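Just one chain follows, in the form predicted alone, and it is written as structure tokens.
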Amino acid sequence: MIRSIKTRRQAVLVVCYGVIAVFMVFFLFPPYWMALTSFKTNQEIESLKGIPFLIQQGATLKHYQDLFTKTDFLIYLKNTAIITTLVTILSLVISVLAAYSLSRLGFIGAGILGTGVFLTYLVPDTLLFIPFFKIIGWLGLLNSKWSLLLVFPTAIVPFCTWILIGYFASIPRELDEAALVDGANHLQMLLRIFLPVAVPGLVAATMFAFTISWAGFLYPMAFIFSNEEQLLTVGTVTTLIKGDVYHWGGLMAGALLACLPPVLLYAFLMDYYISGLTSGSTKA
């Protein structure tokens, strides 16, 4: 009996490890293919001979060199870094103030308003970019990267607010009362009590805001037309795809470099991100 139980446990473990291995191969194959293609020569990329999963004609850095010397990749990178940083900061400031108001001030309709804020996140960008195009044109910000400071937060603030509402709502109200007795105002309570406790939620919101603004594609494509103002996602594609000619080596090199910052961010802060999402979904 004991042996049969042990045998079953071993079989279950083998199956679990096998499933995990399959999923790892499935999810790691795209970045592996990107890296592989970026180091191949154009002749090997276009060749139908040999094994496509290996580099057989020698690795090359030509695609990376061309990316930095023959394209505006560095300009795209600089614009993306500026916009991502500013959008993340702006979105977090708005989200923190909104979450604190909805979770702690207790005004009439706060719950309904909080639900409505989150529901706005579900509206797809494909329905919004035409009205936004009209507004951006009216403001005179077409073909300017600064227009993204207005449109990116519309996709970021609702979700970040929802995450932070869950954290702020979990803080005991006795702390509010004690702070009010000591003469603290709401701003002091927010800065000295709520933000230090809600660090995992803030990290999760920051990672979400960073990812959305860094990887945004539709709005830069619709609102920006010149290379000097373009962002990384759209600039790399429009530069390395000419008609029906795809420069696959350069595209893969650009995509690999572009995905490194989010990958590194998630690699170091994944625990906080999961904690923030879990708390936001259960306590909001």
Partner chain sequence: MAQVVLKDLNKKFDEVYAVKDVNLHIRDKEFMVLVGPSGCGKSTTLRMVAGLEEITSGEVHIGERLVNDLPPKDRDIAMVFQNYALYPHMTVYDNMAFGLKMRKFPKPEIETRVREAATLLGIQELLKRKPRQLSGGQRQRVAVGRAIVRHPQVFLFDEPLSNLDAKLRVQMRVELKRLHDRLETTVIYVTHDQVEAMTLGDRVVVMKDGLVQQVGEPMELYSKPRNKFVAGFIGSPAMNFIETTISDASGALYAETAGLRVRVPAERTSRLAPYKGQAVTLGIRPEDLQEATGGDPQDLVFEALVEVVEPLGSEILLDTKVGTQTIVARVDPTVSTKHHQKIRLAFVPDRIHFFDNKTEQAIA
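Numbering follows the first chain given and starts at 1. Under this definition, the rigid core comprises the largest set of C-alpha atoms superposing within 1.5 Å between the forms. Please read these numbers as outputs of a predicted model, since none were measured by experiment.
The protein also exists as the form predicted together with the partner chain; that form is not presented, and the subsequent description refers to it.
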Residue contact check: L119 to the partner chain in the predicted complex, 4.5 Å heavy atom: no
Partner contact for L113 in the predicted complex: the partner chain, 4.5 angstroms, heavy atom: no
The partner chain contact in the predicted complex: R192, any heavy atom under 4.5 Å: yes
At 4.5 Å between heavy atoms, is A184 in contact with the partner chain in the predicted complex? yes
Stretch from 159-167, 140-148, 86-94, 194-202 whose residues place a heavy atom within 4.5 Å of the partner chain in the predicted complex: 194-202
From P131, P124, G109, P172: within 4.5 Å of the partner chain in the predicted complex by heavy atoms is P172
One residue of I212, A81, A179, I75 in contact with the partner chain, assessed in the predicted complex (non-hydrogen atom, 4.5 angstroms): A179
For 122-147: residues with a non-hydrogen atom within 4.5 angstroms of the partner chain in the predicted complex? none
Taking the rigid core as the superposition reference, indicate whether the CA of S170 shifts 2 angstroms or more between this form and the one not shown. yes
